[in-house]
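Take a look at this one chain, the form predicted on its own, written out in structure tokens.
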């Protein structure tokens, strides 16, 4: 369990010690992200062991790209899923070898494709026919072979926020089955410029229903079987990522049970597939590991609404403003006093700058510190420089040591 209460104060338990978060926050005197790195590695282990067959895990670094977290994941032997040349470069700088790197994304530039080909990364996930044509052209120009997989759009509604849905027919991602004949012809006519590795799908993020994953896997598997039956040899089947977490509450046993259920259901859906199975988790690995700590600058009470005005806001954590996402918000130190309802807001000159609506606090005062929970995924990586506030610092702990 990443963060616990010790005599009313929030603490991180690692390596037999309790790291007091309030003391740490006050020493920084500025908003900061605090991560439990041990929890990240434990979740990767839990996911890997949940499958009844070997599986290649490629961590989706768009969720959190803290360099020490990347270094530890690479050192543990896992792969990485990237969506830009910047991410590929950072991943390799942090210890991932080229054959551990997958490049996804719908808008790959010539420079990004050239970099991937020249470094001979494991797999480029192709999102469209024009992209495959560009990859073939650049491979021929560079005199190297590019390993590609086709990202298929299985037309599955993942029942998540529309902004994080990527496998429905109206989304910009992937291709439906009708494109397969043209894609295969392009590969066959490329004179060996590309190596067709397999198929992949990714239907979105923050998905809590395993039936959506099962449906997507079954639909993509039918496409895979069609390709294999035509005599084309393949080596990989990438089932994507997107498994979510419960932002309303935290139960470590329930989290592990949901990870286990996902692995079990996917293992069943993959029976008989004699290829390397790849998966690309992000949020479920790092979401729980992080909190954003912020200081209450003013307690503003009006006849209409009460506000806790903090020094962190949508510039550090945009999810509530962008998705109306819910994050638990609690004081670093519990206090007694009058209980009131507040909106937790930030300093940014936008009415959307809200970290939490209608939250209940007891005895809260100016100068108190708050923790915004489950901020390890899509927090610091989505921060902006809007209003030119100093960005929140990121601190990760491994074995009780800060990095």
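Quick caveat: nothing in here was measured; it's all calculated off a predicted structure. Numbering follows the first chain given and starts at 1.
Heads up, the form predicted in complex with a small molecule isn't pictured, but that's what we're talking about next.
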Q) What stretch, of 111 to 119, 288 to 296, 225 to 233, 199 to 207, brings heavy atoms to within 4.5 Å of the small molecule in the predicted bound form? A) 199 to 207
(Q) Since only the chain is shown here, I'm wondering whether residue 174 would be in contact with the small molecule in the predicted bound form (any heavy atom pair within 4.5 Å). (A) no
(Q) Can you tell me if residue 241 lies within 4.5 angstroms of the small molecule in the predicted bound form, counting non-hydrogen atoms only? (A) yes
**Q.** Non-hydrogen atom contact residue 372 with the small molecule in the predicted bound form at 4.5 angstroms
**A.** no
Q: Examine residue 151 and determine whether its closest non-hydrogen atom to the small molecule in the predicted bound form is within 4.5 angstroms.
A: yes
Q. Of 139, 104, 312, 217, which one comes within 4.5 Å of the small molecule in the predicted bound form, counting heavy atoms only?
A. 104
Q: Have a look at 281, 263, 79, 331 for me and say which one sits with a heavy atom within 4.5 Å of the small molecule in the predicted bound form.
A: 281
